[in-house]
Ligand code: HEM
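The chain below stands alone and is given in structure tokens; this is the form predicted on its own.
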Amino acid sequence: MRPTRLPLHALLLIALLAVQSLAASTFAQAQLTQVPGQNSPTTKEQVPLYVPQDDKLIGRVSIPDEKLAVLVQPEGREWREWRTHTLRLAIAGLAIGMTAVLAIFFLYRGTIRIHGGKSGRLVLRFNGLDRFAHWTTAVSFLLMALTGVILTFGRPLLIPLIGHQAFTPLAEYAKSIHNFVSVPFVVGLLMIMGLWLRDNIPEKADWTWIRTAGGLFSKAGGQHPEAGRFNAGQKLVFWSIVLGGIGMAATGYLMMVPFAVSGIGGMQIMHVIHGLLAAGLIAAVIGHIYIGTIGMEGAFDAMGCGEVDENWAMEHHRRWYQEQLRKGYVEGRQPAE
């Protein structure tokens, strides 16, 4: 059997490929070991991929959104620590702390009764518009508080109980509800400001109420300081809701349009303010709900049906009651001269 001979042109092609492969390998090796000189293009155009700036690492991007160039931001770690630990402790601490204080107070004082008992005569306390403004604000705030708690405590508390598949849609719905009900909350907030602002201006008589704690700790019934339409405690709740609500609404809407007026650092600060205001208002509302329900007899009627018993009005808001009596707004009573 005669050996197979390759054609001459095939041998030449193989030799050419071998020389080309050797040349490419030699050039690549030279590129790896060569040190660029002063006139080298790579030396002239040395531009770092990122530069330190205010403890951040800022990269280079070719798009207009410069915030996407931030590679490392140390404040982000601090914000994440606050979001996952400090905020949860603040909300839980204030809510549980307020509940514990009220439970101890209830064991000591019990329900604050009407000293003279119910008279059966009614005084108009809040009209329909007043009650609509109150319940619009109250219900929307409670929904925002509930959905906010779900978003804040969902991972450590709910995921272990219901799992990721159930928590994901729950969190999405909670976020949508939280954003949506912020609109009626602001509407209600503006309404109660317009309706009750002039009656909540601090006055000298409020100091007497504060100094005596409104007679809440006195077991001898009926000993409550004189007050107008709202006492100092109610004024404190009013201004807490109004100022805190405005702060929450402002920071919340700015977070709905991220980076519209602030950068990354500003967004983190807005979230901190929003969370702290929410924690404080949740605690204040828990106290408000307690006094308006089991804490004081006859208090819920004011926002339930709009009318309160005459004896309740005389004990808790004597000056306001006298004004209503003069105007003839007390059922079964003739206007005072």
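So that there is no doubt, residue numbering starts at 1 and follows the sequence shown. Remember, it's a predicted structure, so these values are computed and weren't measured experimentally.
Not on display, but discussed next: the form predicted in complex with the named molecule.
Heavy atoms within 4.5 Å of the named molecule in the predicted bound form are found in exactly one of 198-206, 175-183, 99-107, 157-165, that being 175-183. Using a 4.5 Å cutoff between non-hydrogen atoms, Ile282 counts as a contact of the named molecule in the predicted bound form. Though the partner is left out of this view, Thr152 does reach within 4.5 Å of the named molecule in the predicted bound form, counting heavy atoms only. Although the partner is absent here, Lys118 lies well away from the named molecule in the predicted bound form, with no heavy atom inside 4.5 Å.
At the 4.5 Å threshold, heavy atoms of Ala138 stay clear of the named molecule in the predicted bound form, well away from it. The three marked residues, Tyr253, His271 and Ala278, each reach the named molecule in the predicted bound form, with a heavy atom inside 4.5 Å. Of the residues Leu124, Ile210, Ala249, Leu216, just one reaches the named molecule in the predicted bound form with a heavy atom at 4.5 Å or closer; this is Ala249. For the residues His134, Arg113, Arg229, Arg83, the 4.5 Å heavy atom test against the named molecule in the predicted bound form is passed only by Arg83. If you take 135-149 and check each residue for a heavy atom within 4.5 Å of the named molecule in the predicted bound form, you get Phe141, Met144, Ala145, Gly148, Val149, in sequence order.
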